[in-house]
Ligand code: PMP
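This document opens with one chain alone, in structure tokens, the form predicted on its own.
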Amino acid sequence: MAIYLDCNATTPVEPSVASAVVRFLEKDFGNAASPIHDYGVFALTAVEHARGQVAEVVKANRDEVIFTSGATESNNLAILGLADAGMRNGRCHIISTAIEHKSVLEPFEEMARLGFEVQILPVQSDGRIDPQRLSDAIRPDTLLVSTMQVNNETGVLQPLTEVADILADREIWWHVDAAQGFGKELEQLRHPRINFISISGHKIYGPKGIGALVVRKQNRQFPPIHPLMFGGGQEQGLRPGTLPVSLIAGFGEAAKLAVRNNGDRMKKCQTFREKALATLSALGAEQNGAEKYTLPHVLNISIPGINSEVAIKALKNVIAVSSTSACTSHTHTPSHVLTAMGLSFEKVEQSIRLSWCHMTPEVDWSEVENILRALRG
């Protein structure tokens, strides 16, 4: 079987994570909302333990972690949940960037439909936003700024520290989509100025279907977000429904390992990266996104003379790679991220994304090179 190099779409599950999930599916299967017997007590204990493990990654308080189905839901809750507060206070200007995931851009479109003025900032050719453009865009009626931590297509780390400085003394809510960087790049998300952080468990070697929105309190008060669903008081009243204890336990274990093993994982990914770059550079591949800002587990390249769809099919028995984000790969439309970076249509059509992890086995790069060279004839 081909070696999996699409970890930005989803990661393999750590063995101890799988064990935790199975335990709470088969043995300790109680409802965390029913701590009236041992089954419910064990379930609630597991949930709160996992909540603390997730909070520790970003140095938040335990009660600031709201469990959701993943970063897509978290993004929607953070953005759309502020609509009432914005309209009530007359602050109807919101800002995001052209390289955000669709689960941010589409809620922004919905906010526009509700009457908000949406401003989408361009990005530079290196794949990063320009903090000065953000500073210039801020107005007295700005309600929200939403920026990602790490781009899902290029792996480029965004300048969150600079954004934090710009927003330091402003009464503007700041949301960060951290689906691709949570548990990998640790320091930036620990900045206390960030109000909302969206997370997915399946990007950090945890199960699919679980994630969180970290909602940092200000002066011991939660930001004024309203729930998008109703029917229960779970998760600070922001996300009703029976908690998936098994998934939460697995998510917590994955978060714990992300912190404990961060350095070792980064080293392994960097070693893998160097081997990949050596092969692909020999083919004339051009990296999309500045190398100095790109995390070590992602590589987005364009190879002159080779269409990405043709390359992906030719390589499918050797390595499994992609050409765009998982959520938009079925649309066959050019990458909005690479287009926003100013790449030509030809380079976008030649782009391939490789993403790996500390569990990825060795690749026969000579075979990869031979296949790609053969495509050029």
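Note that the structure is a prediction, hence the values are computed from the model and not measured. Numbers for residues come from their place in the sequence shown, where the first is 1.
This next part talks about the form predicted in complex with this ligand, which is not shown.
- In the predicted bound form, none of the heavy atoms of residue 97 sits within 4.5 Å of a heavy atom of this ligand.
- Contact between residue 179 and this ligand in the predicted bound form is found at the 4.5 Å heavy atom cutoff.
- Taking the partner from the other structure, this ligand in the predicted bound form has a heavy atom within 4.5 Å of a heavy atom of residue 70.
- The shortest heavy atom separation between residue 297 and this ligand in the predicted bound form exceeds 4.5 Å.
- Residue-level contacts in the predicted bound form: of 213, 249, 79, 148, one residue has a heavy atom within 4.5 Å of this ligand, and it is 148.
- Exactly one listed residue, out of 202, 91, 256, 273, brings a non-hydrogen atom to within 4.5 Å of this ligand in the predicted bound form: 202.
- In plain terms, the part of the chain that comes close to this ligand in the predicted bound form, with a heavy atom within 4.5 Å, is 171-179 out of 171-179, 287-295, 189-197, 118-126.
- The partner is not shown here, but in the predicted bound form the stretch 95-123 reaches within 4.5 angstroms of this ligand through a heavy atom at 101, 103.
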